[in-house]
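To begin, one chain is listed below as structure tokens, in the form predicted on its own.
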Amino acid sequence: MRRYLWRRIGLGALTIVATTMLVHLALYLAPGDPIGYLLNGRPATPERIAALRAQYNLDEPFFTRYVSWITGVFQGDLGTSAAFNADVSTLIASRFQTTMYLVLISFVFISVFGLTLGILAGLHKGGIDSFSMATATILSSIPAFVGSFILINVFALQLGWFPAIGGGDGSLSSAISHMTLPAIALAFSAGAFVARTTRASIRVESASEHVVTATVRGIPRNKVVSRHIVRNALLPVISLGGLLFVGLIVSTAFVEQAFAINGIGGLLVVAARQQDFALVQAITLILVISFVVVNLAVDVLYWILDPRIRSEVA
């Protein structure tokens, strides 16, 4: 198990370095200059422009700039945002908790809705299956920003059940109240995808040889379902869930803008638009680390749930 984990951690570290370097290169080669956003149309002398470029390390070559940035990361310094003229760590810290609340609540909705609908459709043919898949199809066709406007209009403006905008005052109860509608909007397509994947996996496991053998031997249906069908069927769904969790962080941008939520999704859009190197790099680093950590957790779950993985590692 230890060797298995260290191998996964090593691959994760390489992923972090490669991804941040590619993003840094993309920003370096992108047309335009963040100095234009800093000056905001105001005239400036060549000396002033040169001073700004030196202040934000924009006058350095690619590799020197990347090494300087990664060295600062290991020292706890994520740099200064050119777009906001503020410390990057402070900018992200003020918004990260809000986005995490949104992602976690949305992931709970996705898991409960997707697994329930998928298991019901997979275990029951006929009306239940048709209704479940029809529901999943309808929800998967609703983009997050369209779902946001529908939910705001119905449940916030007309019924008044939930707040229409904002991320709350920082407390858990306020966050749940403010994040329920945006989390549902974010969960539409992903929940439908989980439902379809779960249904397909349930059907495959139901027709497998060991399940047929257990049924023929007279093992009660509920035990066959819980021990042989659902448990094995959840393995590919767990892998999918890990990817969806990280994808939700990236997908929050549209929903955060619709509900006027100050999260890192919207912050990333602004930073990329203004070529804010330090801010884009820092948010990318967070996303990649999240991806690596979630995938490591998925690998551990696979190792726990699937004896075949344990035998291969051993």
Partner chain sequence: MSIGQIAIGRNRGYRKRLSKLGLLGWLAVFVLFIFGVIAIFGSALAPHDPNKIDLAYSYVGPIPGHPLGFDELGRDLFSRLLVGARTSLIGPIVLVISTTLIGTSIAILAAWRRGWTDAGLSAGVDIAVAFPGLLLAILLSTVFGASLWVAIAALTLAYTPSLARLLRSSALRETGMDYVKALKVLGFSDSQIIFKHLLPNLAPFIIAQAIIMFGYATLDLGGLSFLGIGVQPPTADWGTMVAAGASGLLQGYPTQTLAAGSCLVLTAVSFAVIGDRLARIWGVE
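Numbering follows the first chain given and starts at 1. In this text the structure is predicted, and so the values were computed from the model without any measurement. We call the rigid core whatever largest set of C-alpha positions still superposes within 1.5 Å between the two forms.
FYI, the form predicted in complex with the partner chain isn't displayed, but the following is about it.
- By the criterion of a heavy atom within 4.5 Å, residue 145 is counted among the residues contacting the partner chain in the predicted complex.
- The shortest heavy atom separation between residue 115 and the partner chain in the predicted complex exceeds 4.5 Å.
- Residue contact with the partner chain in the predicted complex: residue 277 places a heavy atom within 4.5 Å of it.
- Interface residue remark: residue 131 is not counted as part of the site for the partner chain in the predicted complex, having no heavy atom within 4.5 Å.
- Contact with the partner chain in the predicted complex holds for none of 100, 109 and 184, as no heavy atom of theirs lies within 4.5 Å.
- Residue 150 is the only one of 159, 176, 86, 150 with a heavy atom lying within 4.5 Å of the partner chain in the predicted complex.
- In terms of contact with the partner chain in the predicted complex, the residue from 93, 73, 243, 207 that brings a heavy atom within 4.5 Å is 243.
- For the partner-free chain shown, 243, 246, 247, 250, 251, 253, 254, 257 of 235-257 come within 4.5 angstroms of the partner chain in the predicted complex, judged by any non-hydrogen atom.
- Once both forms are fitted on their core, a CA shift of 2 Å or more is seen for residue 275 between this form and the one not shown.
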